[in-house]
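The form predicted on its own is given below as one chain in structure tokens.
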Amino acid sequence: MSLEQLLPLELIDKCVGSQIWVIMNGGKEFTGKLLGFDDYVNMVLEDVTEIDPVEGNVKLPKILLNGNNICMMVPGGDGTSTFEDDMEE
């Protein structure tokens, strides 16, 4: 099955056990290893870094993110790349 034929939840399922970068609606960002998720895309991450450019990054052992507040997910992302960086290439 090619990536073009994957449904969104199937793509997220393929990311379980991998690094993921999650951007929340309020602007918070998290990176960590995706442990699991449910049908509402509530997800559990471990070895988490909360990315905060103003106050500095915070390390957390585990976190539960509410799927209603997730804006974007980047499989394999580590939170260091920005869209401006990608546009310059």
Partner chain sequence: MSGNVNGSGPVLADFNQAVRPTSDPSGFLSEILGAPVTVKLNSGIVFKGDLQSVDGYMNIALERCREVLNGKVIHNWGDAFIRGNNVSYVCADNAITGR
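What we label the rigid core is the largest C-alpha set whose atoms superpose within 1.5 Å from one form to the other. Numbering follows the first chain given and starts at 1. Computed from a prediction, not measured in an experiment: that's the story for all the values here.
Omitted from view is the form predicted together with the partner chain, to which the following refers.
* Can all three of W21, T31 and N57 be found with a heavy atom no more than 4.5 Å from the partner chain in the model of the complex? -> Judged in the model of the complex, none of W21, T31 and N57 sits within 4.5 Å of the partner chain.
* Any residue of 34 to 63 that, in the model of the complex, places a heavy atom within 4.5 Å of the partner chain -> Sequence-ordered list: L35, G36, F37, D38, N42, V44, E46, D47, E50, E55, L60, P61, K62, I63.
* Asked: Superposing on the rigid core, is the CA of E55 displaced by 2 Å or more between this form and the one not shown?
  -> Where the cores coincide, E55 still shows a C-alpha shift between this form and the one not shown that is 2 Å or more.
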